[in-house]
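A single chain comes next, written as structure tokens; it is the form predicted alone.
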């Protein structure tokens, strides 16, 4: 891959989804995209760039390229401290605020193979605060391939490495061959859709939500793309709604219109206007 081919492909991927491939990742891009060239019978990356720009199947192939360039490593009950704070402090606040409507919407943005979205639904059910409510967890990802896995709801030991035996017994059915399947009562609270977080028109079709989980996703974006994604979250959150990021992420230097919420065990962000003073 020449320097010019790298620049053209990098810029094309960035304009599509905001994922920025750094200069020092040129070798990684070459290694991960080469199988795509072979699958399409192309001889070089210049030809691959032309395919992505002009071929009738360019949108399908662009999704395949993005999938090849991104990592979808995740598992159930990831970052337990944050999930505990969500359970102990944010869920009571959401129960109180939405009690009259008995309706709750939560968005797992960049949900990959679905473990986070299902974990949220499990925590909601375990809390027993929302029985009889209209509850839905939206899981979205740019990759159609990982969403196929999410919709199937079947997982192996790697996905369960932070899941207690009690949670396995309560929320999963054994399938044999070291696999489990998420029980139907949890699955009924979760829906999955393909969504590019930088496609602002598509994101406007998302319903308003009470909380957004977007953990370890924006690390793929540069500063302008992060600002665009944060604006999407701000638009789709109800006033007073919460944004939860990964522990390695924050809103410093992003100028986002969120306020920091200090929880006992973690941090979260909240869209103003606020709930009555002195409450979460």
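Numbering follows the first chain given and starts at 1. Quick caveat, the model's predicted, so the values are computed rather than measured.
Below, we turn to the form predicted in complex with a small molecule, even though it does not appear here.
Inset, instruction - Quick one: from 104, 83, 90, 142, grab the residue that has a heavy atom within 4.5 Å of the small molecule in the predicted complex. - result: Spelling it out, the residue with a heavy atom inside the cut-off is 142.
Legend entry - One residue of 184, 73, 131, 200 in contact with the small molecule, assessed in the predicted complex (non-hydrogen atom, 4.5 angstroms): Selected residue: 73.
Legend entry - 4.5 angstroms heavy atom contact with the small molecule in the predicted complex for residue 196: Taking the distances in the predicted complex, the answer for residue 196 is yes, it comes within 4.5 Å of the small molecule.
Legend entry - Partner proximity in the predicted complex: residue 261 to the small molecule, non-hydrogen atom cutoff 4.5 Å: Output for residue 261 is no: heavy atoms all beyond 4.5 Å of the small molecule.
Inset, instruction - Answer yes if any heavy atom of residue 78 is within 4.5 Å of a heavy atom of the small molecule in the predicted complex; otherwise answer no. - result: Looking in the predicted complex, residue contacts with the small molecule include residue 78, since a heavy atom lies within 4.5 Å.
Legend entry - Any non-hydrogen atom of residue 17 within 4.5 angstroms of the small molecule in the predicted complex: Yes, contact at 4.5 Å.
Inset, instruction - Report the stretch among 234 to 242, 214 to 222, 52 to 60, 34 to 42 that approaches the small molecule in the predicted complex to within 4.5 Å, counting heavy atoms only. - result: Heavy-atom contact with the partner occurs in 214 to 222.
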